[in-house]
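One chain comes next, on its own, written out as structure tokens in the form predicted on its own.
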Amino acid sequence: MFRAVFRLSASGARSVVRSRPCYSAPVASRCYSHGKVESDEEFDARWVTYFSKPDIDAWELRKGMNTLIGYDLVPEAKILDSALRACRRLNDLASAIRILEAVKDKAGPHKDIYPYLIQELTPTLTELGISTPEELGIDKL
């Protein structure tokens, strides 16, 4: 009995395999982006304008930084300058330090990016009274 079941199942499996037609899928080519390509200067200006809004609140600041850090880039110093000034308008020192930490993390293995950004932001940090994570000693935790 088992032999008959095995023989029927084996022949049934062979017939299913043989009867399957072979289809080839057409090669699809799509252009998903129909929008205008944004230049680097326009990108920077958009984010500087976003963080320079006089009525920005803490949620918008965090949302903007989260979106900005999500991109595959390290933000320019002028964008960070604008974001740090927004932190100062909100009296949010923790967010300012978190921005600096996020930029350091975003720079990743490129050890020359973060010192360059700190060098560019030093006048702003001094003016606003914001210490870097290294000055506070929280980079070693």
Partner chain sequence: MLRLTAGRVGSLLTRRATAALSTSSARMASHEVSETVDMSQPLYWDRLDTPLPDRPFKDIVSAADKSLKQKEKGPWSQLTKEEKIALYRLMFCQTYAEMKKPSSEWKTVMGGIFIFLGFTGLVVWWQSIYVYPPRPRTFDPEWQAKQVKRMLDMRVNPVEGFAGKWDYEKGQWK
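Positions refer to the first chain, counted from 1. Keep in mind that what you see is a predicted model, and the values were worked out from it rather than measured.
This next part talks about the form predicted together with the partner chain, which is not shown.
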Partner proximity in the model of the complex: Ile97 to the partner chain, non-hydrogen atom cutoff 4.5 Å: yes
Is Asp105 close enough to the partner chain in the model of the complex to count, meaning some heavy atom within 4.5 Å? yes
Although the partner isn't part of this model, could you tell me whether Pro123 comes within 4.5 Å of the partner chain in the model of the complex, counting any heavy atom of the residue? no
Would Thr49 count as a contact of the partner chain in the model of the complex, using a 4.5 angstroms cut-off between non-hydrogen atoms? no
Contacts with the partner chain in the model of the complex, stretch 109 to 129 (heavy atom within 4.5 Å): Leu128, Gly129
